[in-house]
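Take a look at this one chain, the form predicted alone, written out in structure tokens.
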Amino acid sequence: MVQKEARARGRPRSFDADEVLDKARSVFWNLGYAAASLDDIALATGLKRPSLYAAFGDKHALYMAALTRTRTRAVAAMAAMVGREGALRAVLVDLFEAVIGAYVEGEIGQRGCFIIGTAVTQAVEDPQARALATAFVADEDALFRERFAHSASELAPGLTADAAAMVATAALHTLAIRARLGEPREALAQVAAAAIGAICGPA
């Protein structure tokens, strides 16, 4: 009996963990961490609670897994975009267009950025979420700062790479909030254009 139980526990999963994590993330993204229940997540993923617990742990562990993977992918995508060759203004235009395109997506409405939209709310009482969100903002600052230092001659007169990085990161977060509030793509593009103008000077 003991041997049979051990074999049963060792059976391979009959679901794609990445796909389940994506579906769980959508629940957190739409509802926020506090409002999302395990029943909501079970319904969205098609898994029962025991399977969710066995694969990911409790609700908080599942949320942190979604945050961690989102941070890794977002930072990698941003690094690829800001690291491209070409004029700084053109690189920023492409970056902000891609960001806006991602921020206006959502099954039930525009959702903005998963980390900014959910982890910031959790940050006051959740040290792990706060630490991850803080690290994500630092990642954004660092990537912008490196690119702006490399393209210092293309910055607006008197603007340092450090200051430009703060402006660019702040613009990303403003776009995330405005998108989540339902502002249309055209209005978001105006915000992006203003930020690029502040960083690079008038076109």
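The shown structure was predicted, so the numbers you read here are calculated from the model rather than taken from an experiment. In this text, residue numbers run from 1 along the sequence as written.
The same protein also exists as the form predicted together with another copy of the chain; that form is not shown, yet it is the one meant from here on.
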If we test each of His150, Arg69, His60, Arg178 for a heavy atom within 4.5 Å of another copy of the chain in the model of the complex, the one that passes is Arg178
The one residue among Leu143, Ala171, Ile41, Met64 placing a heavy atom within 4.5 Å of another copy of the chain in the model of the complex is Ala171
Going by a heavy atom distance of 4.5 Å, is Ala34 a contact of another copy of the chain in the model of the complex?
-> yes
Answer with yes or no whether Val124 is in contact with another copy of the chain in the model of the complex, where contact means some heavy atom within 4.5 Å. yes
Exercise. Spell out, yes or no, whether the shortest heavy atom distance between Arg130 and another copy of the chain in the model of the complex is within 4.5 Å.
Key: yes
Can you work out whether Leu21 and another copy of the chain are in contact in the model of the complex, taking contact to mean some heavy atom pair no more than 4.5 Å apart?
no
Checking a candidate spot here: are Leu95, Gly101 and Leu155 all in contact with another copy of the chain in the model of the complex (at least one heavy atom each within 4.5 Å)?
no
Looking in the model of the complex, the residues of 72-108 with a heavy atom no more than 4.5 Å from another copy of the chain, listed in order, are Ile108
